[in-house]
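The chain below stands alone and is given as structure tokens, in the form predicted alone.
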Amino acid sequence: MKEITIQQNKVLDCIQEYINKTGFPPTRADICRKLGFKSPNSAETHLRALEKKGYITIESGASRGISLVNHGNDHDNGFPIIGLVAAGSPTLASENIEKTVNCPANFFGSNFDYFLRVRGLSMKDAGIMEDDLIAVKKTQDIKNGDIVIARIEDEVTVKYFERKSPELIKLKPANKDFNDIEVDLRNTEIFIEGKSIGLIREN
């Protein structure tokens, strides 16, 4: 795979995010509104570059004819390592990616999508320490007791998941010095980015 520019990566993130939210790809106008481009030609230039580099395909004559190319889990350029997540940005946005690291896709016995660098010691009793890299599988198939990556408004946190009721979720640390986080879905928005399936320690 050829490397893409920061701006092309933003367009790619925009397409992925739009598909995740709506189920269909954005138009050029949608991309312009989201990324602040002044004309659809700007979006078109980036789309054609992404098509040439093999990240998307474009069906001529269709306003929503953009398709992401599924590269499976080959991760030719390695798995991205996500550092501190910029407030309000998608986890995999380019500004959050520290670097990439090569690792077999089935290294943990299950496919995963990216590594998240751990900040703090709230999960130390689960063996997750500061600066560890946890392998994150993007999924909404979450059970009580899973270690999840949760976005609460603009903050991303790693905790044990426990659903107390249809309206109440509890995120539990693995360190007695930290308090549980209770999320009432009636007045607070939470998004489960995925779950941890393993970790590696660089040092």
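Heads up, when I say rigid core I mean the largest set of C-alphas that superpose within 1.5 Å between the two forms. A quick note: this is a predicted structure, and the numbers were derived from the prediction, not measured. Numbering starts at 1 and follows the sequence shown.
Heads up, the form predicted in complex with the DNA isn't pictured, but that's what we're talking about next.
So in the predicted complex, does residue 46 come within 4.5 Å of the DNA, heavy atom to heavy atom?
Taking the distances in the predicted complex, the answer for residue 46 is yes, it comes within 4.5 Å of the DNA.
Taking the DNA as it sits in the predicted complex, is residue 37 in contact with it (heavy atom to heavy atom, 4.5 Å or less)?
It does: once the DNA is placed as it appears in the predicted complex, residue 37 has a heavy atom within 4.5 Å of it.
Can you tell me if residue 174 lies within 4.5 angstroms of the DNA in the predicted complex, counting non-hydrogen atoms only?
Although the DNA is absent here, residue 174 would stay clear of it in the predicted complex, with no heavy atoms inside 4.5 Å.
For residue 140, is any heavy atom within 4.5 Å of the DNA in the predicted complex, or not?
Answer no; every heavy atom of residue 140 is more than 4.5 Å from the DNA in the predicted complex.
Name the residue from 57, 165, 63, 144 that puts a heavy atom within 4.5 Å of the DNA in the predicted complex.
Only one listed residue qualifies here, and that residue is 63.
Does each of 7, 41 and 53 have at least one heavy atom within 4.5 Å of the DNA in the predicted complex?
All three within 4.5 Å in the predicted complex.
Exactly one stretch in 25-33, 131-139, 166-174, 150-158 has heavy atoms within 4.5 Å of the DNA in the predicted complex; which is it?
This holds for exactly one stretch, 25-33.
Select from 116-147 the residues with a non-hydrogen atom within 4.5 Å of the DNA in the predicted complex and write them out in sequence order.
Going through 116-147 in order - heavy atoms within 4.5 Å of the DNA in the predicted complex - there are no hits.
So that I can tell if residue 24 moves, could you say whether its C-alpha shifts by at least 2 Å between the shown form and the other one after the core superposition?
Comparing forms between the shown form and the other one, the residue 24 CA shifts at least 2 Å.
2 Å or more on the CA of residue 56 between the shown form and the other one, with the rigid core superposed, yes or no?
Result for residue 56: yes, a 2 Å-plus shift.
Quick one: core overlaid, is residue 160 moving 2 Å or more at the Cα between the shown form and the other one?
Shift of 2 Å or more: no.
Note whether the distance between the C-alpha atoms of residue 11 and residue 149 decreases (closer) or increases (farther) in the predicted complex, against the displayed form; the change is 3 Å or more.
It is farther: in the predicted complex, the C-alpha atoms of residue 11 and residue 149 lie at least 3 Å more apart than they do here.
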